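Only one chain comes next, encoded as structure tokens, the form predicted on its own.
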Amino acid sequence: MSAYLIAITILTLIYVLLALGLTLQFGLTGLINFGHVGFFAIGAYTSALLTLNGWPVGVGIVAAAVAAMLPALPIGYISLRLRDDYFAIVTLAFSEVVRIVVTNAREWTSGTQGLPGIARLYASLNGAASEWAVLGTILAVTLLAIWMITRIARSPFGRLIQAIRDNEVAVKALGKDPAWFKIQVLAVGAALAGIAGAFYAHYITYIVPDQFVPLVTFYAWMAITLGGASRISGAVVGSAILMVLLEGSRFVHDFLPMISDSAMASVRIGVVGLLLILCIVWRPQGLTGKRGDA
């Protein structure tokens, strides 16, 4: 049982990293990014391919952050001057392009067959020691990301991006270029998603394009919506609640054997959707938010 709890905690922390990127982009800056999973996939495949070719895992994780950040710059430059709804469509299309590319670049990614045998973090350790080491590493990186975003939010840069979220016209009137600040935020959030993708690849040790569908992006959106989009703690609380719902529903089958596994997947999404509706109706600011939060 302890091994299972450690595994769930590791996956929760990976989702926290993914949600923190959206907290920075949407919660603090107002960017509607529906293609977050694209950067997640880039990070996963970059680190996996490098380590499969003999590079150290640490180098792969750093490269994953850089590789995820690079496409964010031109995407931001081209689309952030558009209206928010157009930007959301562009990012969604980007994530699908990434998935199609990794599906068809068979000579590198093995396409739909996936990449097996990806190096694990701390593979030299055995059993529980390896799991605890992985958990400690991802926890340390997550805490570092929380500290970084907290510093950003409290800095002059953070106050400026929150002003962009609240009233972009007023920021322009002060002589600032909101697009450039949005591009920087998009790049940092993409880097966090890339790091999350790298940890995911090295923990699961097998990746396939079907793991990077738009539903992953909307899981991250569900997490920040439940927890509170404009609060960093919301990413943590929301990811934990989401993981409890997704994993806890697996045990429902023991009490309701008449529900098939395929039907349970639909029930799981339905329960999460119902919780989202209730949260939006009764606590639109999220579980960690205060009244008046954006």
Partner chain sequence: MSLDIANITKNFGGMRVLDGVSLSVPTGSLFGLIGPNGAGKSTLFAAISGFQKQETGEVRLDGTRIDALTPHARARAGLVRTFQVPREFGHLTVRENLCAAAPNQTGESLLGLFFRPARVAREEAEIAAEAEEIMQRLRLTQVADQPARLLSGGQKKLLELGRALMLKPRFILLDEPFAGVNPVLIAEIAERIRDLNATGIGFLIIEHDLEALTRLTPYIAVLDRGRIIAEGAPDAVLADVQVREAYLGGAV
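Numbering follows the first chain given and starts at 1. Just so it is clear, the structure is predicted and the values come from calculations on it, not from any experiment.
Quick note: we don't show the form predicted in complex with the partner chain, though the next part is all about it.
Residue contact with the partner chain in the predicted bound form: residue 148 places a heavy atom within 4.5 Å of it. The partner chain is not shown here, but in the predicted bound form it comes within 4.5 Å of a heavy atom of residue 152.
Although the partner is absent here, residue 135 is not a contact residue: none of its heavy atoms lies within 4.5 angstroms of the partner chain in the predicted bound form. When the partner chain is considered in the predicted bound form, residue 170 lines it closely, a heavy atom lying within 4.5 Å. Counting a residue when any of its non-hydrogen atoms is within 4.5 Å of the partner chain in the predicted bound form, the hits in 150-168 run 151, 152, 155, 156, 157, 159, 160, 162, 163, 165, 166, 167.
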